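So this first bit is one chain, no partners, the form predicted alone, shown in structure tokens.
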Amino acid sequence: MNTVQAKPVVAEVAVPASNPAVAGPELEVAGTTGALPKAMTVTGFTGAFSGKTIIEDISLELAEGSITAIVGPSGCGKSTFLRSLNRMNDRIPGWKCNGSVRFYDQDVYGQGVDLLSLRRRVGMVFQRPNPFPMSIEENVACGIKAHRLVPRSEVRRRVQDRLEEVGLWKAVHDRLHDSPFRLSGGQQQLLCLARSLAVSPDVLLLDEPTSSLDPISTEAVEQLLKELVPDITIVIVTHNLAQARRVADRVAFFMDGRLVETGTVQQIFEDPRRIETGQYVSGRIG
């Protein structure tokens, strides 16, 4: 079976010169300079549902240990692209795609890829909370047990650590055996985040993760995301441009199913190369 391999040391992968929208300066993250290793490299990726193209010819590099924010108007293909990175779209009837998505040296869409292993290492938190129909504790513990990440005697400690990490432990420590559906929507989302972090992903995909959270919880999650790097590479879809500016190292702007432009936060918001980008970040479109 072609399983997902451990992190290799990878060579730099150049962005195809034929895609000027993606061309730009070397990746600069968290005050560093120079090109960083790529956790994921997407090249010429196109995806369609039942023959209708949703995303087309996307090429994008995701630097290891960075936060990339994907922004753009509703319906421009952001979430479809995000779900393509760990093949979550495979579950939807009529999905077809071509192009390349590489996770380090692994072809994500290669034959025989172990999807369970892939989705552990490239985890995802959806816009709407999706707790499993099991106890609060088991929601966080299930992945730890399934992948045998720690001895059974240490599972409870791992559960507590992850719940503390997302700021949920105090609210649930005395009701770990309760149903997660008794939690508020915001608490359910934090539980789903804890569940994803519990299996120690290398890449974390977040689709509007704070849309159901209050401002205080949103601030806490944003701070957590900044603390997770560089150990985890994060890709976040957000309609909140202020959030993108606060948390991201790089921004990718999508429109009409295409990647229009990508660059550092400062470049995208203060000196965009494309007219459409400037119009979007200034609020004139979208």
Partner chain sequence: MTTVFAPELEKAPGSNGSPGRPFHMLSLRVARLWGACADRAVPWVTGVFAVVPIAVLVAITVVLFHEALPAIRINGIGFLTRSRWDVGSGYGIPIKVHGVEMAPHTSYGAWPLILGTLESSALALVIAVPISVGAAIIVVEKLPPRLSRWAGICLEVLVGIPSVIYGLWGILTLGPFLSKHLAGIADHVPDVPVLRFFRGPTYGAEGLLVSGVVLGIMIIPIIASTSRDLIRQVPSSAKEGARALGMTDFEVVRKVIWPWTRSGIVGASVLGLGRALGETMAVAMTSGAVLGTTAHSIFSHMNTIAATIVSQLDSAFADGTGFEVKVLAELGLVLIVITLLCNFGAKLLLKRFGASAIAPAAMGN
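These numbers were taken from a predicted model, which means no experiment stands behind them. Positions refer to the first chain, counted from 1.
Note that the form predicted together with the partner chain isn't included here; everything after this is about it.
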Position in contact with the partner chain when the complex is considered in the predicted complex, options 97, 113, 142, 150, heavy atoms within 4.5 Å: 142
Among the candidates 88, 183, 108, 159, the residue which, in the predicted complex, approaches the partner chain to within 4.5 Å (heavy atoms): 88
Output flag, 133, 178 and 196 jointly within 4.5 Å of the partner chain in the predicted complex, heavy atom basis: yes
Stretch in contact, per heavy atom within 4.5 angstroms of the partner chain in the predicted complex, of 163-171, 114-122, 208-216, 72-80: 114-122
